[in-house]
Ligand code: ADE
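Okay, so here's just one chain, in structure tokens, the form predicted on its own.
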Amino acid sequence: MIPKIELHLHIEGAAPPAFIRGLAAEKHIDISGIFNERGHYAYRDFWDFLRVYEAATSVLQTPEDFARLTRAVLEESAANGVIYTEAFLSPDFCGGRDLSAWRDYLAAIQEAAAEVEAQGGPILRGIITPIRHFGPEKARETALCAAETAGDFIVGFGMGGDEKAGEPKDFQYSFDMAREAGLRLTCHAGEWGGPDSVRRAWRDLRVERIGHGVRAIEDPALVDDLAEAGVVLEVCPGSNVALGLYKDWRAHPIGRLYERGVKVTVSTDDPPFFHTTLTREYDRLAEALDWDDAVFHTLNRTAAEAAFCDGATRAALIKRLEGQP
């Protein structure tokens, strides 16, 4: 239960299955085919996971649905000692990228987050994400939503989805728009696209963080470049193991990346899909890599320094990590 900071969490992907089933029942929507006999999300591989993810998200249809989701996700985070979370939010799922509708969804999410924070729960900040396999044109619409609502709560811009859809340079316009609006940048890469996808995202989109990024380990020169430049990897080991990218926790490269001087952090990605929590991630890493509290403190300090929040929030987080009042 040490204080934890999480930088890579998809808010829809963090929806507990029971929450989604309950919401579907309220709306009389049949999505029973995305669950197994135990009530867990069921998928065959990463691409089937995307299908199930989008089906689960389809029951989230109003700002109030997302407010309820935000409370449920933050309650789970609080139960695992999380004090700060950056969640990926997508206008694609919140009003179909219509700016006026997106403002309504965002207001509901932000209000729910503020209520949780006021009650002593985690601080939440948002990173707007276009969906890569929806294409560059829709990404531009998402970037406009991000630019128009950038501020204290919306602090970053990234990109999720299928890494094999298009090239990072296809999305340069969207990332440039977000950068000009003052948003800080991250991008999913180095999960299914290989080490070259990391280099292309870093080079072409000029991001300061990479979501996942673990396939960089396959290119020693790239590992050295990332370490030297201080690029931060938002690593989600449980996600990678659950999706079959690595056979087990001992085979996961986060330990080797850390030893080579790359700045790594630990997150859960879409925790109920992968039967994980941030506490479980820490426990499994401690078991597999013999990491002690000092290592986890370093990872959380790295996460605090890499967070996209304002300086005052960062300073307060670091104080909490250090055990100061």
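All residue numbers refer to positions in the sequence shown, first residue = 1. Keep in mind it's a predicted model, so treat the numbers as computed, not measured.
Keep in mind that the form predicted in complex with the ligand is missing from the display, and what follows is about it.
Visitor: Take the pose in the predicted complex, superimpose it on this chain at the site, and classify the pocket for the ligand as open or blocked using 3 ligand atoms within 2.4 Å of backbone or C-beta as the minimum for blocked.
Guide: After the site C-alphas are aligned, the pocket of the shown chain is open to the transferred ligand.
Visitor: Would you check, heavy atoms only and a 4.5 Å threshold, whether Asp92 touches the ligand in the predicted complex?
Guide: Because no heavy atom of Asp92 falls inside 4.5 Å of the ligand in the predicted complex, the answer is no.
Visitor: Taking heavy atoms only, is Pro136 within 4.5 angstroms of the ligand in the predicted complex?
Guide: No, no contact at 4.5 Å.
Visitor: I'd like to check something about Gly193: if you look in the predicted complex, is any of its heavy atoms closer than or equal to 4.5 Å to a heavy atom of the ligand?
Guide: Gly193: no contact with the ligand in the predicted complex.
Visitor: With heavy atoms only and a cut-off of 4.5 Å, decide whether Asp270 touches the ligand in the predicted complex.
Guide: Close contact exists here: in the predicted complex, Asp270 approaches the ligand to within 4.5 Å, heavy atoms only.
Visitor: From the list Tyr43, Tyr258, Trp291, Tyr53, which entry has a heavy atom within 4.5 Å of the ligand in the predicted complex?
Guide: Going through each option in turn, the one that passes is Tyr53.
Visitor: Of Ser77, Ser239, Ser197, Ser174, which residue is found within 4.5 angstroms of the ligand in the predicted complex when only non-hydrogen atoms are counted?
Guide: Selected residue: Ser239.
Visitor: Heavy atoms, 4.5 Å, the ligand in the predicted complex: which of 221 to 229, 179 to 187, 153 to 161, 105 to 113 makes the cut? Say which one.
Guide: Among the listed stretches, the partner-contacting one is 153 to 161.
Visitor: Using a 4.5 Å cut-off on heavy atoms, which residues of 205 to 223 contact the ligand in the predicted complex?
Guide: Just His212.
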